[in-house]
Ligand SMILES: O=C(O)CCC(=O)C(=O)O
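The data below hold one chain only, encoded as C-alpha cells and taken in the form predicted on its own.
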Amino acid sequence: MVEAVTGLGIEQLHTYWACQRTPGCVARLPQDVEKTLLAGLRLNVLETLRYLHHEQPSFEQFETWIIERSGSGLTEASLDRLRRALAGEMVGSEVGNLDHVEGLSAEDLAHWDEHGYVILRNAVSAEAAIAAESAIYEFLGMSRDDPESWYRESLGHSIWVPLLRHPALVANRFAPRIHKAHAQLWGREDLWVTIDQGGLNPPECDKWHFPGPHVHWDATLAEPHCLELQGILYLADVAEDQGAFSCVPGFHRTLPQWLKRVPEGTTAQDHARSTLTMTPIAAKRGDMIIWHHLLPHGSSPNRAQRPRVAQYMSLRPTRYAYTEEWKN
C-alpha cells in the first residue's frame, strides 16, 4: 500500500512560494533547483505560476493544492528522493536500475554529436503510444477517424493540448528507455521529467492554417552556451510532410559564429526566421526525438492526411550548468 502524503517537508518549496509573492525577490532559488523542485512535485510550471499569482494562496493552501493536483503520483518515496536530491545527495534513476536497459547505440550517439538531435526508436511501446494518442483525442472531443472532428473549437488555433496528467501520458514519462537515453546524453541518472503537455497538428485546410511555432529557440542565446535537452514523443507515425518536428541539424556547433553575423538592430530569432531552413524529422509511433536546446527548431505545416499527435517532455538532472542572462 502507498503511504498517503500529508505534508511535504521541503524547505525550498517555501522559498519558492515566498518569492512568487514578493516582486523583485532576491532570495530566489537557482533556476536549476527551481525546475527540479517543480518536476519532482509533478507540477507544470505555467499552471503553478497561474495558481500562485491568481489565487495568492497561503503556504498551507499551496501544499494542499500540490497534493491534490499530483494525486497518487506523489508518494513518500518520491518525496524522499526529491528531498535528498535537493539536499545535495546523489540519487539514482527514478525508474530503477538502468544498467540493462537498452538505450542509444554508438551510431545514435555519433549522430547526436554531429547533428544535435537523435531519434530514440521504440522509446515507448506502440500500445503505450496509442493509449496516449487516444487520451488526447478524447480530451479534445475528437475522433481519430473523423476528419471533421479534428477542427473543433476545443483545439482552438493552436497545436498545443493542455492535457497534463492522464495516466497514459504519465506512464510514458517513466518509460525506462527514455530515462536511459537521457542519462547517456547527460552522463548521469539523477533525472527529473517535466510535466508537459500534448500536441495535435491537424492537416491544413481552408478553415485551419498552421499557426506555428515557426523556427525559434526556447533557450537564451547568451554565452556560455550550456547543454540542455528537449524532446517530443510521436504518438502516431509522422511523415516529413505531416507537421513533423523540424530543426536545423548541427547548428549547435556553429551557433557562436552565426550569432556574430546577425545584423545590428535585428534579433537572432528574427534573423533565423528570415535566413534559416529547417529539416522535418519523420519517425514512427512510439519514437522520441531528443534535441539540443540550441538547435533552432519548430513545427511545420501538416500537408498530409492525418494529424500529427505528440507528447512533449524534457529530462534534466538535479543541478546543471546554465546561463542566467536572457538574450534572443
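The first residue of the sequence shown is number 1, and the count goes up from there. Since the structure is predicted, the reported quantities are computational estimates derived from the model, not experimental observations.
The same protein also has a form predicted together with this ligand, omitted here; what follows describes it.
Judged against this ligand in the predicted complex with a 4.5 angstroms heavy atom cut-off, the residues H216, I232 and G298 are in contact without exception. Though this ligand is absent from this view, in the predicted complex it lies within 4.5 Å of a heavy atom of just one residue from A236, L74, I159, V248, which is I159. For the chain shown alone, Y312 is a contact residue for this ligand in the predicted complex, at least one non-hydrogen atom being within 4.5 angstroms.
Residue contact check for F62: none of its heavy atoms lie within 4.5 Å of this ligand in the predicted complex. Using a 4.5 angstroms threshold between heavy atoms, W291 counts as touching this ligand in the predicted complex.
The chain is drawn here without this ligand; in the predicted complex, the stretch among 124-132, 107-115, 159-167, 253-261 whose residues come within 4.5 Å of it by any heavy atom is 159-167.
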